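Only one chain is included here, represented as structure tokens and corresponding to the form predicted on its own.
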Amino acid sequence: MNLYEEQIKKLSHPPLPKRRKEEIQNLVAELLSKMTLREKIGQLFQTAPNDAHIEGLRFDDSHGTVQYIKEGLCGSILGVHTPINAYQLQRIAVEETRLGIPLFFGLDIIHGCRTIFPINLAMSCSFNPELIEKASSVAAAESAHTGISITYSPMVDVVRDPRWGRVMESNGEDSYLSRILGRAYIRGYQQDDLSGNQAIGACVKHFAGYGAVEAGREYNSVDLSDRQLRMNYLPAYQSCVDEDCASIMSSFNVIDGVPSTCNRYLLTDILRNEWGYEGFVISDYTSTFEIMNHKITTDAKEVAKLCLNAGLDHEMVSNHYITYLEELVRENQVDTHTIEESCKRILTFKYKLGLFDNPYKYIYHEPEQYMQLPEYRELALEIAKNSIVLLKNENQVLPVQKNKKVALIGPAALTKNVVGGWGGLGRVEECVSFYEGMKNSGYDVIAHEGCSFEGAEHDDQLMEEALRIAAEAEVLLLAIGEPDYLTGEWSSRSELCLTGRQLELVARLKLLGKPMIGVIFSGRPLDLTWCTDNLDGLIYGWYLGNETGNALASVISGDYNPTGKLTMSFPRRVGQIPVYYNQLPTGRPSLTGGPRDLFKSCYTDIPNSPLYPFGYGLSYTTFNYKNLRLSTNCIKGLEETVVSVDITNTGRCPGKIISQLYIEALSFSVSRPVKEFKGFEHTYLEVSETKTISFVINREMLSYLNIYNEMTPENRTYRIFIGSDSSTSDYQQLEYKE
């Protein structure tokens, strides 16, 4: 044991004082009065050591992280997560600088730290904020023992283009759902008390509109009207502000032609002045440097001026602030008050965390003892099961009886690479493969790769071997999709088909005439038209993390009745993208939905509708909705009405249904979406059991940004829908009057 390990072993972690807002303000003001201008500027810079745990480009660290800290030119560290490294750097900040201001440490803990939960898009299919809050509290607890002070999560970008690799990190295509789930992540991370020893800060991203990148291409441009921005993209961020998120991250893209990182309209007019946000804003990785690539300026010094004056407090990795701000102050291009306000926000966050009371709060000896606890793995399994979506079950091919001889074939059959993009500190060897899960569940199963994900020279041999195995089986399970490294940042795809020669493998297996069930491993919606037409059963298994195999086996066996619902619409073809449930109506709607509805808005070769709509997901039982009704058919002002419906389990086993509430404005002063998602309800029903569910409809729920930029329901007529997905057509009509 070296010297640092000995020192870490002696650290204690007592409960820290929970300081009142006024007390923290006084402490920050007192500290700020002692700081030089250069020290204040130093707090606005986050650096990353050369050995940092980072997914992405490396930025110049030639000055050296240690030297930055010693000179008081560093407020936080990116990518450090080992006790020794964190302790060494924190010790320098606390003991070798004039004022001893502690550092905070940030890392992208997205869907788990060491215990890995399903990718976020998969978790959103649970429509279960309680489970998501529990998952993020586990991620926070593990992170809090590895030196991490803040996570760059949740991502609440609304996403409509599955070609973009980062849809895996989102809550899907709907703003309302992302509002609900975003707040759940924050509650789990922050524990309503940042001073708690198992709480970390939440940094919401990417502000704003990054999910609307053109062509689904990473780091690409965004072009949104202000109405589109405010109605579909901003609400989820605002909801997170209401939940008191510690930080906001600016996005790479432009909004109205101005990069978000130096966009005063976003960072000051909306975030500060409209929403009253008091936390700090950090740039995305090198996004300040990239402003010059957007051709807003060619001058690095002007980048510093633009960003600070726009409202950016903390610069991630690129170093314009510490290089140029002093000079800009001397030139009267930047006011010292602006620097001090940004510095206050950083110091306030550190006081809230309790770092001034215990700088080593998050540093523990032997952090392994706090990782992968049995109850964490149990939760990971529960959430994985809730995230699985059953898409097709022809002739009740599922569940599969355990006395059947099963062949499990496909490139995802044996692999433990099931973490998915942005896997935190997860370890592949701690994951349960599909094959292992089937064996654990008691199946007589033989597994074979069948072919590679990528397409390789030995695929012919693999296919022949797989065909021989399949010929001896009673049921074929296909573990197919896209490899996990094609999910996440930089993983944009121009096609959404199965990669490599997988479709060829599946087509050859189909010739055997055996029941075939596809299990899709993916981080995004794929083009499943062929699979839907040719397979008997279809399960969307996403990337489910540590408990992947066990979760899939529990659904396949029927030990768990699937409940997941899609939170992104699935296209029939890539050319249909973007396809999402809440599109604006067209002046020439197709009454048939296409194809070839002449001189109407449709395609010549496919229907307009998605292959699978938002909210879609099957169960092993069936449900019937009847007697949809309103307590009153007209409301005025602040009055409310209650919409109710009776649900009956008409199938052969108990099950849970996630019912969904939608509204449609029949007219408005601006064009409104054909449907708007407004609520959901989980209902468990025994066989033949009937229950009544209800939702309250009020003025706020009916409101939209009208032609005068006012949030109002106007005096209009609305349709109110309740059903199992966004295609539901049963409605009651409601009049609203001011």
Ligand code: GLC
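Quick note: we count residues from 1 along the sequence shown, nothing fancier. Everything numeric in this text was worked out from a predicted model, so none of it was measured.
Heads up, the form predicted together with the ligand isn't pictured, but that's what we're talking about next.
Of the candidate stretches 203-211, 396-404, 221-229, 602-610, only 203-211 has residues whose heavy atoms lie within 4.5 Å of the ligand in the model of the complex. Using a 4.5 angstroms limit between non-hydrogen atoms, His320 is distant from the ligand in the model of the complex.
When the ligand is considered in the model of the complex, Asp174 lies well away from it, no heavy atom lying within 4.5 Å.
At the 4.5 Å threshold, heavy atoms of Tyr233 stay clear of the ligand in the model of the complex, well away from it. Among heavy atoms of Arg166, some come within 4.5 Å of the ligand in the model of the complex. Note on contacts: among Ala199, Leu538, Leu78, Ile383, the single residue with a heavy atom within 4.5 Å of the ligand in the model of the complex is Leu78. Contact annotation: of the candidates Glu142, Glu547, Asp484, Asp284, the single residue with a non-hydrogen atom within 4.5 angstroms of the ligand in the model of the complex is Asp284. Scanning 596-627 for heavy atoms within 4.5 Å of the ligand in the model of the complex gives no residues at all.
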